[in-house]
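Given next, in structure tokens, is a single chain: the form predicted alone.
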Amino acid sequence: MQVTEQVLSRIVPTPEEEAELREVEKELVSRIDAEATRHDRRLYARLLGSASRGTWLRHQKDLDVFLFFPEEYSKQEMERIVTLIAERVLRKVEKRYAEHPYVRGVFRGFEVELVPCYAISDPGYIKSAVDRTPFHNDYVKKRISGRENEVRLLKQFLKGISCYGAEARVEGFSGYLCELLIIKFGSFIHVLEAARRWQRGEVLSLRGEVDRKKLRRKFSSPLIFIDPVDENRNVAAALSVQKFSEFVHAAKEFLSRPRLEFFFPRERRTSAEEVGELLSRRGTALVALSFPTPPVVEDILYPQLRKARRFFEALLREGEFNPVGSTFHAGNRSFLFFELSSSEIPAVRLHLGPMVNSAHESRFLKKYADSPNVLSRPFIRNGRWAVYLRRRHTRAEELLGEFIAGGRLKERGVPSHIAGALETGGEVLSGTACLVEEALQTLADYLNPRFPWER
């Protein structure tokens, strides 16, 4: 049996699962419609997404239901009505926020997202981003028939190599992008054959010839796929360079040697001892910032974590601690990890000043003649004035601790939610204290990176 046939036997829904989904869909939409008409008879619900298009994966019990409103409704009123309906129809209701609020809950064992949108007739005149979704749904349904399993293969492949999902946590390929790739190239294998030749700035379209240079100036993502229902939108906008590159490499590797591990990788297990040994072999030092995970949605949390990691890495570099790299983990608590050439540096540093007999000579000599941080009198080296200065911080954890203790972190450049969490519950960790149980996998993946299919 070919690898793809083995994969399909595990990811294509059984007839019984398909029948269950359709039964649940019918009941759910009917009940939402009944509740919606209590508020306005013009309101109606539709199932959209992969369940509607027949590209959902086996055991994936997610339903995306959109509730359509006339355009005169305010977003606040839409939110109010959707929340009321959800509370009457769903269990475990929780409100989420994107461009405007939507509701998540459970119905007969299925995870349900109930999303308000405007009932518009032209995608060129949308009032919010979700208003495009019905047009996406209709476009794909008309063109994907007979190739649903090819989409499923591509989705599972992307899941296996950790590149599936356009959310900020992943920065990968959305389900809609997977469907468009299959529509364009015809099959899962043809997508991989095309992808192995891709380079950053690749432009794809289902609209015929396009001005590639113009599109590359307009969009900065590594892959540009023009939305067939909105020529001003790049479907691959969320895709990071990292995930694009990993997919291109995985495509080449799979075509060279197909195997199940690309779709279903082995779970990587680790321990504090293993991570400590990895760090010991590298001869580097580890410091971390630990803080309560801010109670915000992932699409806000993860961009702020990435920005905060870059901010503190720059702070450590400015303090001359020479960061080798960094990573982060979000769980019960969040952690920003920094690998340093050394967590402790000498107290002395050489500071070079102006050339001898230059315009700034007298100012330099006056400034460092009697400074408390000076470890030597000014002297000449290779035609320039120089002085040995005392570093303010010789240990990385002291630098980080003093910075946090100084407060006003948001004003000083730390992303807002991370700043608040650091100020209320932040702490600095170093050495073995960084090897916290919940973040060991993240550290192992950073210190000894392996592709999922190589585990």
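Throughout, we count residues from 1 along the sequence that is shown. The model shown is predicted, which means the values in this text are computed figures rather than measured ones.
Although not depicted, the form predicted in complex with a further copy of the same chain is the subject of the following passage.
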Seminar exercise, completed: Partner-free chain; cross-checking a further copy of the same chain in the model of the complex, the single residue of S74, N382, S220, S271 with a heavy atom within 4.5 Å is N382
Exercise. a further copy of the same chain isn't shown here, but in the model of the complex which of N357, S256, N332, N232 has a heavy atom within 4.5 Å of it?
Worked result: N357
Exercise. Which single stretch, out of 22 to 30, 382 to 390, 35 to 43, 403 to 411, brings residue heavy atoms within 4.5 Å of a further copy of the same chain in the model of the complex?
Worked result: 382 to 390
Exercise. Just to confirm, P295 within 4.5 Å of a further copy of the same chain in the model of the complex by heavy atoms?
Worked result: no
For this session: Determine whether any heavy atom of D138 comes within 4.5 Å of a heavy atom of a further copy of the same chain in the model of the complex, and answer yes or no.
Result: no
Exercise. Does the 4.5 Å heavy atom contact test between E167 and a further copy of the same chain in the model of the complex come out positive?
Worked result: no
Problem set entry | Close approach of G186 to a further copy of the same chain in the model of the complex, 4.5 Å, heavy atom | no
Exercise. Of 346 to 379, which residues get within 4.5 Å of a further copy of the same chain in the model of the complex if you count heavy atoms?
Worked result: P346, A347, V348, M355, V356, N357, E361, L365, L375, S376, R377, P378, F379
